[in-house]
Every structure is written in structure tokens, then in C-alpha cells.
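Take a look at this single chain, the form predicted alone, given in C-alpha cells.
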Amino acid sequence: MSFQEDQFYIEQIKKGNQAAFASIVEKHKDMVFTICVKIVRKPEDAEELAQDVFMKVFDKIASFRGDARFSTWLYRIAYNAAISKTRKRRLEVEAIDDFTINNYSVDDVKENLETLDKEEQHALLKMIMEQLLEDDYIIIKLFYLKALSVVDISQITGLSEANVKVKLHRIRKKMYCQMHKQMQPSDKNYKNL
């Protein structure tokens, strides 16, 4: 399905065309769900939370000023709702810790990646991303998969732009470290992907 710019739908909704909101939901539902599920970790809770987010957005869309892109505003609401939910109930998550960043060669990792076919590379990357902390996963996904700017990510997460840049650098280092670890000749875990 081809979508119009968000502003088109917002103008339609403000003129009373409530059906235009369905297009907004359809256009952004996957990313809203992704943000929610990565933070709350339970798909059923994430679905309910995503619905709540869209209900809140529907109620507040008239107050959207356009200071930021609509998607930034929407993702910020989803992010805040998911964080609020997890603060109410803490989850234990196995994550890649900061201390796992050891001395390793990025060239070695790249060289080892080249020995894998595209499908194995995607599976390895997916596995590594799943091990990231929720906030780290969201930042990487917004930056690389949604192509949002550091400014937009800063607005969504509430982090400073400098902090977002530092986090992106540290997350990439963690991911390279974990890839290096997974591709060691003595550890053929990546072959089981």
C-alpha cells in the first residue's frame, strides 16, 4: 500500500475525516509495535500497549503542533508508554553488558562476516540485536532501519543528541564484539542459526 505524507492525513483528521486515522495506524503500526515489544518484551502486552498509544494519539492529534515530524511525535508517545509500563513491573533481561567490549579487530569481524552467506549474516545480526538492551535496540532500529536522524531519536528518547551519538557508537562496538565472539572458530554457534 502506498501512503501519503503524514501531514495529509493529519489535515484530513482535523477537518473531521476520522477515517483518515486508519491510514496513520496502518502506516506506523509496525514500528509502534516494535518499540513496544522490544521494551515490554511480551507480544500480547505490546499489542495492547500499541492500541493504547494509537487511542492516545487519536485523542491528542488536534494538539499536534508540527514542531517535529509526526512519526517522531508518535514514536515518542510509544516509547514513553512502554517505558512507563516496564517501570511498573521490572523484567530481568539477559543483555550484552558493557564489560563484554574487549579488544578485537573490526577487520577480523568483517573478514569473518564475508565467509557467511547473506542469510547467515542476517540471522547472526538478528540474534545479536535480540541480545541488546531495549533502549539500545530501539536506538539502532530507529537510526538504521527507520533512517531517523540523531535529532529525531533524541526527541523520541529524551536523550541529548550527544548522548544518542555516544550510545550509537557504544552499541555498534557491543554488536561487533558479540559478532566476533560468535564467529570464533572454536565456537560455531553461528552455523546453527
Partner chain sequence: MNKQNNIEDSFLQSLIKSDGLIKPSWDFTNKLMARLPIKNVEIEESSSLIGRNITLFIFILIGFINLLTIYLLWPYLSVWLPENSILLFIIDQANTLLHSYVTALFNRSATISLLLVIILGVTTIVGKDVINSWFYHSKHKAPIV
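As the structure is a computational prediction, the values presented were derived from the model and not from experiment. Numbering follows the first chain given and starts at 1.
There is another form of this protein, the form predicted together with the partner chain, and it is not shown here; the text below is about that form.
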query: Every residue of Leu133, Ile156 and Gln178 near the partner chain in the predicted complex, heavy atom within 4.5 Å; finding: no
query: Ala50, heavy atom within 4.5 angstroms of the partner chain in the predicted complex; finding: yes
query: 4.5 Å heavy atom contact, Phe143 to the partner chain in the predicted complex; finding: yes
query: Non-hydrogen atom contact Phe33 with the partner chain in the predicted complex at 4.5 angstroms; finding: yes
query: Close approach of Phe70 to the partner chain in the predicted complex, 4.5 Å, heavy atom; finding: no
query: In the predicted complex: members of 12 to 43 within 4.5 Å of the partner chain, any heavy atom; finding: Gly16, Gln18, Phe21, Ala22, Val25, Glu26, Lys29, Asp30, Met31, Phe33, Thr34, Val37, Lys38
